[in-house]
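Here's a solo chain for you in structure tokens, the form predicted alone.
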Amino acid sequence: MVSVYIIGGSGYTGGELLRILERHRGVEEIRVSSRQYVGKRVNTVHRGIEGELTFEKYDKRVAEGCDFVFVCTPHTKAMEYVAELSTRIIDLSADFRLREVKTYEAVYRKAHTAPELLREAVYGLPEIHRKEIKRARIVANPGCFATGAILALWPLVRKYDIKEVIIDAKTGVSGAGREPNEKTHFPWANENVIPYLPVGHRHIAEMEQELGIKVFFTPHMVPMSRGIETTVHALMNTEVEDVKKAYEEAYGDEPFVDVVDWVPTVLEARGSNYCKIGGFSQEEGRLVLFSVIDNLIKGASGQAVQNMNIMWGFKEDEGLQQLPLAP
């Protein structure tokens, strides 16, 4: 049994963490902090959460006394908390995903205040780094777009000599976070497709770090609550069946990656920790394939709990048995 502390639990990722951890049979105590909602019941913010749990003011001593700390603060803020704690940490921000200080500072335009911890942190994508995650003290939970893209490409770059790919992704509005803004305002987001950061999205650095290839990536926000659909275009000539076989071999034993015969859609992953990959197609030197995830689960909180399970030695799917909510 473990005790967990969530720093910054009022956002969407904090709410999903609480929902998953409440039904986790290995978690005996949950503490959660929030600067904005100190003293308020959690279920006044996250309406689906049951029980008497209350938001607390952050207390380093209490956090240090827990077996795991989940950091759900914004990028560039999380490093301050991680640097002062010695317990096991799963950071859901981007502060420890990139191994090189210069890369982080170029992408996030802020000096990294704990550079000595970058090499200690493990990139928390279990399908690639499971052994390292098991031994880690600090795990950097991957970005949502990066998760969908890396899983969609990992078997391909391992087997074939690919130099660059083009990735197009569609995400639900929850990917923009809980705080409303002009772009997420209903009259603008509904019945609309909004490309944003056509070039230079910060998750590209994660993709290129893990895949070792050049990535061209453009995301779009579409009028749905949650989910990410990733379309990969790889300029190559090969037999589709050979490619599909490589994916089946790579992910055959993975509990949360399914290789399917059809083009997967976001409803086939919604509410679950699954990634579905399929739709393998070839035409005139272009291979196309697709992946789908729930951006708040496999793209954030579910993957964080999956990492905790690996670190502690729980069954990897503990607390994550929820099947996709389709339709």
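All residue numbers are counted from 1 along the displayed sequence. Computed from a predicted model, the values in this text were never measured in an experiment.
Below: the form predicted in complex with a further copy of the same chain, not depicted.
Shown alone here, Lys60 lies farther than 4.5 Å from a further copy of the same chain in the predicted complex, counting heavy atoms only. The closest non-hydrogen atom of Leu323 lies within 4.5 Å of a further copy of the same chain in the predicted complex. Taking the partner from the other structure, a further copy of the same chain in the predicted complex has a heavy atom within 4.5 Å of a heavy atom of Lys276. Proximity of Val69 to a further copy of the same chain in the predicted complex falls outside the 4.5 Å heavy atom cutoff. With the partner omitted here, the stretch from 161 to 169, 97 to 105, 122 to 130, 240 to 248 that lies within 4.5 Å of a further copy of the same chain by heavy atoms in the predicted complex is 161 to 169. Interface residue among Leu117, Leu85, Ile194, Ile213 relative to a further copy of the same chain in the predicted complex, by the heavy atom within 4.5 Å criterion: Ile194. Within 4.5 Å of a further copy of the same chain in the predicted complex, a heavy atom is found for all three of Ile49, Glu268 and Phe290. Residues Asp258, Trp262, Val263, Pro264, Thr265, Val266 are the members of 248 to 266 with a non-hydrogen atom no more than 4.5 angstroms from a further copy of the same chain in the predicted complex.
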